[in-house]
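What follows is one chain in structure tokens, specifically the form predicted on its own.
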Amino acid sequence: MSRAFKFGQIATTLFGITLVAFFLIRLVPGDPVTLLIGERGASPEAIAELKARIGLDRPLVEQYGLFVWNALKGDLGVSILSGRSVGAEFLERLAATAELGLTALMLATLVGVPLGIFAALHRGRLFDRLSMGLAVSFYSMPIFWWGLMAIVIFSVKLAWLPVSGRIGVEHDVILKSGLLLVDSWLMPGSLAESWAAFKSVIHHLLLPASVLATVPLAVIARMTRSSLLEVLGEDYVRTARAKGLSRFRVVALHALRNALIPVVTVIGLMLGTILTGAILTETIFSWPGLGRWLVSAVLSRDYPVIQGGILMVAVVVLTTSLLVEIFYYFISPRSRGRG
């Protein structure tokens, strides 16, 4: 696939996303002006004046054209509710979502890869059936249901983990990087205070990250199992066994290295799934990230936030997918022959 074709696909996808983000929300009954001033709270003249001030009095085609043109210049507009730049609000919340998403992806990888390896090595046995059945259950389980059940069990019944927030209110951490795991560890003060704040961050992060990790974990586990089973049937693996190498050396040095190449690709592509799941997870756990921000914008019909936020999320996902493909090109010799 040529580079020009690939970038053409990305440009076409982004164009389609701008259409969906702009027009779909306008099909929902209600508008931001009515929500701001109330259905009975102002005269028609005041409503018309407010619409003209925020640009909603123009034809839809003209509004869409201005949105795309400004987006090309890096201007995503201004939030109707807060009056702040959409780009600035996006960057403020990106760190919280990134911390939650990367933690979830790390948990999914640390559990999913070994689970898939052991399932492949015990193919057809009880462990294989139980682990893959559990993976299918995780994949099929709606995140909002699993999140509510996790809160009931681990927060309400057992009182092990907090329900919401990123850190305890007793800790005063200055946000520099936006990642509380980093900022709490490097906060000024004694080592005991830093450690207490760091533990509080982990305490708040564990439950939502575990809920968000369920679907990626299932995909990674099943992909690892199927990929390793395929590699274990290759000629070079059978040759290594015939030479008398131990099972550990055959699997670790010969089979696993090649089996993990498609798994690495899947792990990278899981970012889109994680960002999608974060919308529900952040809402359930009151996590101050992009998902909760976009849900609030939809409920308040904040058009610039919805348009700009969805577009920026799409840019992040597409950029990640492109980087994964480049990485796969370098680690997989077979992909170079097709390029």
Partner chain sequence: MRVTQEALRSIRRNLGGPLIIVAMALLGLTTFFAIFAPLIAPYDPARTFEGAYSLPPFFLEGWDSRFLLGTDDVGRDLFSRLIHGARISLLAGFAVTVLSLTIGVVLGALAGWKGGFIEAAILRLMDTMMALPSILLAIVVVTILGPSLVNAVIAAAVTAVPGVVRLVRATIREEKAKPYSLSAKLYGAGGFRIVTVELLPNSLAPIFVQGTMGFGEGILNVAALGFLGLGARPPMAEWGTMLADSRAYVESQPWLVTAPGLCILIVILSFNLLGDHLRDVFDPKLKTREEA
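Take the two forms, superpose them, and find the largest set of C-alpha atoms that agree within 1.5 Å; that set is the rigid core. No experiment lies behind these values; they were computed from the predicted model shown. Positions refer to the first chain, counted from 1.
Separately, the form predicted in complex with the partner chain exists; it is not shown, and the next lines address it.
Joint contact, P29, S137 and I279 to the partner chain in the predicted bound form, by non-hydrogen atom at 4.5 Å: Per the other structure, all of P29, S137 and I279 touch the partner chain.
Any non-hydrogen atom of L318 within 4.5 angstroms of the partner chain in the predicted bound form: Result yes; L318 sits at the interface with the partner chain in the predicted bound form.
Touches the partner chain in the predicted bound form: V156 (any heavy atom, 4.5 Å): Output for V156 is yes: heavy atoms within 4.5 Å of the partner chain.
Any non-hydrogen atom of P142 within 4.5 angstroms of the partner chain in the predicted bound form: Answer yes; at least one heavy atom of P142 falls within 4.5 Å of the partner chain in the predicted bound form.
4.5 Å heavy atom contact, V295 and the partner chain in the predicted bound form: Within the cut-off, so yes.
Interface segment, criterion being heavy atoms within 4.5 Å of the partner chain in the predicted bound form, picked from 224 to 232, 91 to 99, 177 to 185, 114 to 122: Heavy-atom contact with the partner occurs in 224 to 232.
Residues of 283 to 321 having any heavy atom within 4.5 Å of the partner chain in the predicted bound form, listed in sequence order: Heavy-atom contacts to the partner chain in the predicted bound form: T283, I284, L294, V295, V298, L299, R301, I310, V313, A314, V317, L318.
Rigid core superposed: D302 CA moves 2 Å or more between the shown form and the other one: After core superposition, the C-alpha of D302 moves 2 Å or more between the shown form and the other one.
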